[in-house]
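The chain below stands alone, shown as structure tokens; this is the form predicted alone.
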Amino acid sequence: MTKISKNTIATHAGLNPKDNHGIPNPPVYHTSTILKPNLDDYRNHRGQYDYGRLGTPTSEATEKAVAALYGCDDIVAVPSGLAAITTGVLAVVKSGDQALFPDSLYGSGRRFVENVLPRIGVEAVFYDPTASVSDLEGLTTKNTSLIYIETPGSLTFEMQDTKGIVDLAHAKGALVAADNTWGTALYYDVFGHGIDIVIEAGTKYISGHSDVSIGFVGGNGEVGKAIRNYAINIGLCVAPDDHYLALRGLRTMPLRMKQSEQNGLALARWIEEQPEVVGMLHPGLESHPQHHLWKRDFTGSCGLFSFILDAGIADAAVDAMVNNLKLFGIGASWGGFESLISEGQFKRSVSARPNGRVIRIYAGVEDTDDLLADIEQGFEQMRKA
């Protein structure tokens, strides 16, 4: 059979109806104990499964489906996107190593880097995500074992030069890990770009319905094995119902992402033209300073972006805009069916904060015109306040 698209892989991966009485979706196995027919089989770990925490047909279906989408050897499901970050990093660093992280790193990931890595003897260095590769090289040492990228950044959406960073890391004998929650396997080919470790919050687009906490992390060869072994050794596992919901969400992910992308671009283009807006942070727009990197590396954009309001706008006016929106919920996370809005809260140590108030929007799968009308009336509320 000729090579099939990722959209088709998302529809069919992880299914095994021939071994499941002809039923397309895999069964949900709720179990800890897995019985063996005799003591010799138990003693020698014969059989496909040994213990519920270590794997069942339910977890295997989800992990194999996501691995197929990424085209990699192994993907491990963990309880959250943050757990995917921590697992991917801790599986490959050791005491005495140095690891580099972008200053735009997802906030909970940054908390892990700042509070946990120093306790195990790993030097964590934050770098400007817009820095040149030569500047980044100046931060590396002979002990650099990992360069972590988040392209684009989850609040300020800086794009990173993946090719340059991968070339630098590999020349230094270091690995590259990428948080690919924004691009997903559909819009950003992590392993095709030479990256060693993929991290994705399946809570977002894979699950797609704001009702599951799950993360995915994996790689090829020895790196993939190291991640799998680390997850086993610290006892990570995901509940069977969450596996089932994530796998079900995966089936419609290509359709949802197309609508979310369309809505995000339409909203970003309208918002960018408003006089109160002093900056638009959407890599898919030509106005973005690293749009050329997005165009080179990505095949699409998702519905998450930010914009910057003039710093002189009063809190009450901003609140009036956000609080009067009808179709945008105020809350964390994204990637679900519903649109969201929030105010950027982030910490930086080596790169400049945006000069103004950062508002982050996630465009869900509602009708485009309805979202535009809602955001327009929200801006009117801000002007009246």
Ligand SMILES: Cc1ncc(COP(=O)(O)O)c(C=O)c1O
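Predicted model only: the values in this text are computed from it and were never measured. A residue's number is simply how far along the shown sequence it sits, counting from 1.
One more form of this protein exists, namely the form predicted in complex with the ligand; it is left out here, but the text below deals with it.
Exercise. With a 4.5 Å heavy atom cut-off, would you call T144 a contact of the ligand in the model of the complex?
Worked result: Although the ligand is absent here, T144 would stay clear of it in the model of the complex, with no heavy atoms inside 4.5 Å.
Exercise. Could you tell me if D196 has a non-hydrogen atom within 4.5 Å of the ligand in the model of the complex?
Worked result: Although the ligand is absent here, D196 would stay clear of it in the model of the complex, with no heavy atoms inside 4.5 Å.
Problem set entry | Residue contact check: L136 to the ligand in the model of the complex, 4.5 Å heavy atom | Output for L136 is no: heavy atoms all beyond 4.5 Å of the ligand.
Exercise. According to a 4.5 angstroms non-hydrogen atom cut-off, is V122 in contact with the ligand in the model of the complex?
Worked result: Contact check for V122: no, nothing within 4.5 Å of the ligand in the model of the complex.
For this session: Check each of G81, G249, P102, P283 and return the one that places a heavy atom within 4.5 angstroms of the ligand in the model of the complex.
Result: By the 4.5 Å heavy-atom cutoff, the listed residue in contact is G81.
For this session: Using heavy atoms only and a 4.5 Å cut-off, determine which of S301, Q160, T181, S306 is in contact with the ligand in the model of the complex.
Result: The residue in contact is T181.
Exercise. Quick one: which of 162-170, 202-210, 269-277, 89-97 gets within 4.5 Å of the ligand in the model of the complex, going by heavy atoms?
Worked result: Of the options, only 202-210 has residues within 4.5 Å of the partner.
Problem set entry | Residues from 84-118 in contact with the ligand (non-hydrogen atom within 4.5 Å) in the model of the complex | Result: I85, Y106.
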